[in-house]
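Presented as structure tokens, the chain that follows is alone, the form predicted on its own.
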């Protein structure tokens, strides 16, 4: 399996304003995941996306500090984004419930994670695949390879 990796410069993010307040005005609350919410978060990810993404999110939830952000609307998880889950310096996975798309939640979660990564000390990070054109346009991401990447040694490959 070939992976497409993208490089993002965290020093020159096109949008580096914390999206928390703007999302709260829409009734969407962005925050770090915490252990007591693990079951609800992982059930959401398994149902909406995949067990593999739930596995990555579980790892991120238990990093210190948690490297998983969630979006909550009406007391329900409607989105999540992680970093430093499968490999250090990697962003993802990211997912938003179909019912909550087009509200800017994915962009807000991405911004929150990238700002946290920059605060942690990263200057550049890797995004593995995803909506490549989106990341190129929104984050000035650069395609850095079509090669065996971090996911090439999975048992199921």
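Quick caveat: nothing in here was measured; it's all calculated off a predicted structure. Residue numbers count along the first chain shown, from 1.
If you look for the form predicted together with a small molecule, you will not find it shown, but the lines that follow are about it.
Taking the partner from elsewhere, residue 53 is found to have a heavy atom lying within 4.5 Å of the small molecule in the predicted complex.
The closest non-hydrogen atom of residue 21 lies beyond 4.5 Å of the small molecule in the predicted complex. The closest heavy atom approach of residue 133 to the small molecule in the predicted complex falls within 4.5 Å. Taking the partner from the other structure, the small molecule in the predicted complex has no heavy atom within 4.5 Å of any heavy atom of residue 29.
This chain appears without its partner; in the predicted complex, the one residue of 117, 126, 42, 96 with a heavy atom within 4.5 Å of the small molecule is 96.
In short, of 29 to 37, 99 to 107, 118 to 126, 58 to 66 it is 99 to 107 that has heavy atoms within 4.5 Å of the small molecule in the predicted complex.
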